[in-house]
Each structure stands twice: as C-alpha cells, then as structure tokens.
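Below, in structure tokens: the form predicted on its own, a single chain.
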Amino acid sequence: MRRAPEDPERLLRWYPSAWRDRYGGELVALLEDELDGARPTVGLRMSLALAGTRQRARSGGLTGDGGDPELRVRTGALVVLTGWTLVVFGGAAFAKVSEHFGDAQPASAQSLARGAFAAVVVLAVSGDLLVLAGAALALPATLRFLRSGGWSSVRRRVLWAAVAVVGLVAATFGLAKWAHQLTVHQRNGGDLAYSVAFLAWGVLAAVTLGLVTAAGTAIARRVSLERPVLRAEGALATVVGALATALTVATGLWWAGMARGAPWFLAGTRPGTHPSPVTVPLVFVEGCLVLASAVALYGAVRTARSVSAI
C-alpha cells in the first residue's frame, strides 16, 4: 500500500515559530512544488533540520553578532551556566577519582599534584559563589515573574528537576557508603557491580544536571532584567567562563603530577608499580571538563563582546 504524502509543514518544525510565521508559507509552497506529492528524501530532511537548527541558534542569540545585544548577553550567560553545570558534573567525578590521593606518596613528592588539586578546589568554590551571586541578582525579577503567573509556564520543568535532584542525593549517599567499604582497586574497576553502579550514578547525575539547567534556562529566558543587572550578569558570566577553563587546566596538571609520582594510584594497583596513567575514569573526567570549558568559554566570549553595547 502506498503511504500518504507527508505534510510539508511538519518538515518546518525545526525552525523557530517566529520564523515559521513569517517565512513558513513560502517554504511550504516551494516544498509542495518540488515534492509534487512524493515523500521527502533523507537528504532533504537533514538539510531542513540543519537549516532550522542554525536559524534557532541565530534567533536565540547563540550565533551571529546582529540583533539585540541584550539577547546576546542573556543567551551567552545561559551558555556559560550550561558549561559550568558540566564543570560541576566533571568536578564531582574528579572528587571521586582523586579521593585520598594524598596517601599515595609523601607530600614532598606530590607538590605538583597537591598544588593543582588546591587550585581546582579554589576555582570550583569561586565559580560556585559567582553562579550563586548571579542567581541572587536575578532573584527579585524571578519572583516578580512567578507572582505574575509565570509559574505555570515553567512548573513542569522545575518539578522534574526537583525530583531528579532528590533521587541524585539519595543515590550519592548510597554510593558513598558503598565506596567506603571497598579498597582503592575495587573502586577503580576491581568491583564490577560497583563500576556499573558508578556508571549508573554518572548517567543520573548528567540527567539531573541537564534537567536543572533546562529549568533554570526556561526561567532565565522569561525573566525581564534591568540593564544594570544584565550588565552585572554578563560580567559574572565572563569570569565564570575563564574559571572553567582554568579549572580544566588545573585538573590536567593534577593528572600529570600523579602520573609522574604515583601512577599506581590512578590505576588502583599495588604501590610501586608503573601501570599506564591513562584510565577510563580520568579520560571521562578530563573530557567532560574540556567540553565544559569550551562551552563556557564560548558563552563568555559572546557575553564579553556584547555587554558593552547594552
């Protein structure tokens, strides 16, 4: 049986609604003439998906230097927030990987690793405080938005994020209690059940952070901020983007220091052995942080370039 031709309007779902309202009719007419009742090819679908995604990014202030500078600053700050969310996720995994690293060697032999670890802690705390400062600046406008009926537009995302946070906290306490009963080798791949549980925790953490970021982004995009507040948010976002990059570098230096002085700690093998310092957990941690810093730095650069135009 021949399938019914697909409605060309469905192919435009990748484009933002404002663009569809203005140009959608013309593109639908063009598609109808080109398809002539046939179903769209995979190539056409991919082309429309890519073009629509680029248009969403442009209309949302993620790309291009035209349009409203306030939108670019707001979007850039949200991109930095997304990047810092990934930093928090990677940092949580790093804290687990580096747990008790100071016991692997005397302090005199770990100067690089200890210094880098201290830098990671300082940078992480500083970034968290700046993110909280940004949230505090936006709090009055957020409360006005919620009191004026905005809660209904973000309620579902906020509730899903809250449920995920509660689940993650419970899972973290359970996993930490289990980890304290295991040896370093068992925590670094020697116990299959724990490894699977740790991966499951990582997935849950990623989902939770994604839901929290989505909820925060949904609120931030709807809140109306005064220009002085928006400038301050842009300045904070720029600094946070730089901190994310510095934290990634510090984590890499810690890895290098431990690889030189105590590679057995990284692999969870017997002290004095010389296994490969390249392990799956550390590759995951550093890869996550590199991605996070790239995202945050991109948002910081866009924010810094646009904030002066407000």
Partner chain sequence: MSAPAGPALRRANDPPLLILTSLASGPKHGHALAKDIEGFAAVHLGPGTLYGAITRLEERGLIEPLASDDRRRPYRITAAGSTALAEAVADMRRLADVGAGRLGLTLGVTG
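Residue numbers count along the first chain shown, from 1. Given the structure is predicted, the values throughout are model-derived calculations rather than measurements.
The form predicted together with the partner chain exists for this protein as well; it is not shown, and the discussion that follows is about that form.
For a residue to qualify, one of its non-hydrogen atoms must sit within 4.5 Å of the partner chain in the model of the complex; none of 94, 103 and 117 qualifies.
For residue 250, no non-hydrogen atom is located within 4.5 Å of the partner chain in the model of the complex, even though that partner is not displayed. For the chain shown alone, residue 298 is not a contact residue for the partner chain in the model of the complex, no non-hydrogen atom being within 4.5 angstroms. A residue is said to contact a partner when one of its heavy atoms sits within 4.5 Å of a partner heavy atom; residue 31 meets this definition for the partner chain in the model of the complex. In the model of the complex, the partner chain sits within 4.5 Å of a heavy atom belonging to residue 25.
Proximity to the partner chain in the model of the complex, taken as heavy atoms within 4.5 Å, picks out 42 to 50 from the listed stretches 278 to 286, 42 to 50, 254 to 262, 239 to 247.
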